[in-house]
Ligand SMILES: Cc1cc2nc3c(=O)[nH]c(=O)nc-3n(C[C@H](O)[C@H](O)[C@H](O)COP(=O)(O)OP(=O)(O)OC[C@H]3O[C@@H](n4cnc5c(N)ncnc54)[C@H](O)[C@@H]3O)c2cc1C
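Below you will find one chain, with nothing else, as structure tokens; this is the form predicted on its own, and questions on how it binds or moves follow later.
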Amino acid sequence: MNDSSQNTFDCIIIGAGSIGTPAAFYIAKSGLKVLVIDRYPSVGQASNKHAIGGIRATHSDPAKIHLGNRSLKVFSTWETEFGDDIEWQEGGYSYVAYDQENAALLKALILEQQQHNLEISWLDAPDLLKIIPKLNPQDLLGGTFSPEDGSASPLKSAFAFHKRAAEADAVFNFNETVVDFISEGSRIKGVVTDKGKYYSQWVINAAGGWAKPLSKKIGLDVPVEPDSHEAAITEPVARIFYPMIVDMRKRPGSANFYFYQHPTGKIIFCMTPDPPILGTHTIASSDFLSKASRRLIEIMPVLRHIRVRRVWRGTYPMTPDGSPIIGKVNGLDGFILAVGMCGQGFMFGPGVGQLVSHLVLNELDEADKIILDNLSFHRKFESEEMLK
């Protein structure tokens, strides 16, 4: 690009993943000129392709509930509106309780969750077993059930957002890496890549696990530390259950465990390591499957003979309080953060994309302002999301 007009945009987005691609779609759809830069050869090739596909509004933080509800509306209506099959499945979420501590926590959260328009209820063990009959009934106290939550394909969703963003004239530069920013005083005016310079009114950092080193290039210390999580997928079997099942009990080597049955019949399961495995490692470990299998069988014994097809590892860009960082930064004009999704970038993607587009267009409603205030870079990071 030698013509300077070709290098000038209304908005530059760094990262074509779970956040950057929906943001490109919503901003380009508004009529602005958008450039997305990603070092990989296509959309969703970093953290997005490692996601297992869960989508929920079931959170303890009001801002995350709002983002989750917005995203659920997009995912659940996408095929009807645009015709793209993204494998949406409204299976619900269930946080199960096998001890009094987690039962008390889940029950205490429900009233506030319902006040934020989240359809969720506590079910005692007999009623929960009617919905998920194959749960291990021994010591089961019950659990929450939110029927409107669900799942979709991270890659198919990313491709769908890319397709529609491109139709709205968003430009995607793949195989290109941002190496620096262009600034004038306190204003960020563009980026420098390994292939050229680009100018814009807005620059959005949506670089996931790489957001922190990128922000340091403008002297900004963003508290995002990626850690590695592993997942696995089994052979397909006949339908056993629908909801994503989450067990928050701690076990040696793991903080929690969650799994669901994909529309194809395969069981996909994931475990949060304890202690965290810091870094952007994407090579699966040797001990994950043995630990995760024990947890899977403990919760649903009927799966003890199922065969695992594949394991993999991806990164969760974590913040100190388990919530994203979204919005402007004081003293840096023209710069927006949309980072630190804590492993929930896929489920928040459409909601964050809409929010960022409202911010760029200066069309914030009251809900937007509340979300941005709660998820500000300048918050104290003291409270902790209980349903991370």
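Here the structure is a predicted model, which is why all the values come from computation and not from measurement. From 1 onward, residues are counted along the sequence shown.
Below, we turn to the form predicted in complex with the named molecule, even though it does not appear here.
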**OP:** Report yes if all three of 68, 161 and 353 come within 4.5 Å of the named molecule in the model of the complex by some heavy atom, otherwise no.
**Re:** no
Original post:
Among 357, 58, 47, 323, which has at least one heavy atom within 4.5 Å of the named molecule in the model of the complex?
Top reply: 47
Original post:
So which of 336, 63, 28, 52 reaches within 4.5 angstroms of the named molecule in the model of the complex, heavy atom to heavy atom?
Top reply: 52
Original post:
Any of the heavy atoms of residue 113 lying within 4.5 Å of the named molecule in the model of the complex?
Top reply: no
**OP:** Examine residue 155 and determine whether its closest non-hydrogen atom to the named molecule in the model of the complex is within 4.5 angstroms.
**Re:** no
Original post:
Does at least one non-hydrogen atom of residue 342 fall within 4.5 angstroms of the named molecule in the model of the complex?
Top reply: yes
Subject >> Partner proximity in the model of the complex: residue 86 to the named molecule, non-hydrogen atom cutoff 4.5 Å >> reply: no
Original post:
Where does the named molecule sit in the model of the complex: which of 76-84, 228-236, 296-304, 127-135, heavy atoms within 4.5 Å?
Top reply: 228-236
Subject >> Within 4.5 Å of the named molecule in the model of the complex: residues from 184-222 (heavy atom criterion) >> reply: 206, 207, 208, 210, 214
